[in-house]
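What follows is a single chain, given as structure tokens, in the form predicted on its own.
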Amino acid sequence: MRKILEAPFMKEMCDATANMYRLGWDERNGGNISYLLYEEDVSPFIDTTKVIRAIPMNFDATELIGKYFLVTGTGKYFKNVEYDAEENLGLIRIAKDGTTAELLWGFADGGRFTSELPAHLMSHMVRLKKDPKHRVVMHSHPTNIVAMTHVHPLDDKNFTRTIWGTCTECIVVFPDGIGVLPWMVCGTNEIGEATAKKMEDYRIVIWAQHGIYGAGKDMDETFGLIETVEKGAELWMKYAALPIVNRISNRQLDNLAKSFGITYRSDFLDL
């Protein structure tokens, strides 16, 4: 059996958490990631018949029974994952009762998964219905996105239009737009349910005064979604208070989308 620390999914997780910390997106123990895996992904690296311990989830994830997830731990720092993955990450399987996580590897210090695991699982369930290739849910606290939620209206249409207009690539990278939620208490099923509802229409959901959720088919796509929104937010925060001399018009955004052959939320441009 091969060493799990050499698994491709483990390297992806370690690289992503390290990059996110160094970018300043995940201070202290902020942020969390869950990576959906399948039997064929994990069986070369661990004995899937050996359960270390069962951890209650306080959530019914019946739709995900038998699915495996590599998840970050509660109270863990992203900066430490690449140096001690076995303590800061856990590989879990959703048990047959749908409400318990079976720990198969990791959380070596007796820890447990992120408190926002129910929110992640709710989003996974929604996104799998939209895209069978979906794999990753990523949550972080990018500085400019959080700052923007203090000074910009918190509705999907206006927030999306503003970010689309900051630079040419935005509408191409996330033509489905951005969902925005008002401030809510984190770590609750309520915010998870609200996020999952938004995930029916968007791969990106912003939590006001808190951070962002991204979903994608792999780590690169999900990281890239958040990275691009954060770049747009940074640009807007730099010029929002200045006189605007030039801007990308709604018609130009429409032409851009057509030239790339993509379908976008055209109702967000009022053409």
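If you're wondering where the values come from, they're calculated on a predicted model, not measured in any experiment. Start at 1 and count along the sequence shown; that's the residue number.
Although it is not shown, the form predicted together with ligand 13P is what the next lines describe.
In the model of the complex, ligand 13P lies within 4.5 Å of some heavy atom of Thr74. Looking at Thr149, you'd find every heavy atom of it more than 4.5 angstroms from ligand 13P in the model of the complex.
Interface residue remark: Ser115 is counted as part of the site for ligand 13P in the model of the complex, having a heavy atom within 4.5 Å. Contact annotation for His141: at least one heavy atom lies within 4.5 Å of ligand 13P in the model of the complex. This chain lacks the partner; the member of Lys67, Lys231, Lys217, His210 within 4.5 angstroms of ligand 13P in the model of the complex by a non-hydrogen atom is His210. Contact with ligand 13P in the model of the complex, defined as a heavy atom within 4.5 Å, holds for exactly one of Met125, Leu154, Cys186, Cys167, namely Cys186. Figure note: of the listed segments 115 to 123, 197 to 205, 95 to 103, 155 to 163, the one touching ligand 13P in the model of the complex, with heavy atoms no more than 4.5 Å away, is 115 to 123. In sequence order, Asn29, Gly30, Gly31, Asn32 are the residues of 28 to 59 having a heavy atom within 4.5 Å of ligand 13P in the model of the complex; the partner itself is omitted from this view.
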